[in-house]
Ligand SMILES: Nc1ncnc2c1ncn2[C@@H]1O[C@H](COP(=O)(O)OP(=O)(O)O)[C@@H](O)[C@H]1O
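Given next, in structure tokens, is a single chain: the form predicted alone.
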């Protein structure tokens, strides 16, 4: 984890630069500065969230932060540094480091080249119960590193998994992924991650996250599609 970047996002001065188009909720590009350090960030104010019938109102920003916290606890480091800022210019919201990327290099473009790198994305989405893993929610940074973004509709206590990454469905888990999941069991069953998620999610949602991890370990394989609503829309 880039601790310096997370600290900058937590404490730096925020300047809103403009609205990012084509987002379902109000999403802004911002510059965050502190002393001689600065970074671009994606700012999602809570009051700009579009109400959803199946998620509690005003909780999407906190879910963005929860996804980052879980990814870090598992050792996956998939989500750019993400914090919750209550003193942001347009009110409380999530602030996530902006990743420079080519929008044409999304999952569908990358899968043929480096499919094996997406195993951890698939298991991460199963754990957080990601209801919206579009192809464009995978970014390839300028250095080739892969990132996962847009996790506002995650952590529902009922199954909501909708993703374009079904390539590993039904396949056995690798020993490395099993070790990561076992680490998460410890973290979610009284560890620091449970304490952090309890600040961001409902208790029932934290309990459901632990139950999903335990189920993945018991099944010892990637989940498979379960119905007719297993893909997000639009796909990209």
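Residue numbers count along the first chain shown, from 1. Note that the coordinates shown come from a computational prediction; the quantities given were computed from them, not determined experimentally.
Below: the form predicted together with this ligand, not depicted.
- Taking the partner from elsewhere, residue 98 is found to have a heavy atom lying within 4.5 Å of this ligand in the predicted bound form.
- Taking the partner from the other structure, this ligand in the predicted bound form has no heavy atom within 4.5 Å of any heavy atom of residue 165.
- Although the partner is absent here, residue 146 lies well away from this ligand in the predicted bound form, with no heavy atom inside 4.5 Å.
- Not displayed here, this ligand is approached by residue 20 to within 4.5 Å at the level of heavy atoms in the predicted bound form.
- Looking at this ligand in the predicted bound form, residues 75, 129 and 211 place no heavy atom within 4.5 Å of it.
- In terms of contact with this ligand in the predicted bound form, the residue from 161, 88, 120, 139 that brings a heavy atom within 4.5 Å is 139.
- Across the options 65-73, 170-178, 37-45, 191-199, residues that bring heavy atoms within 4.5 Å of this ligand in the predicted bound form belong to 37-45.
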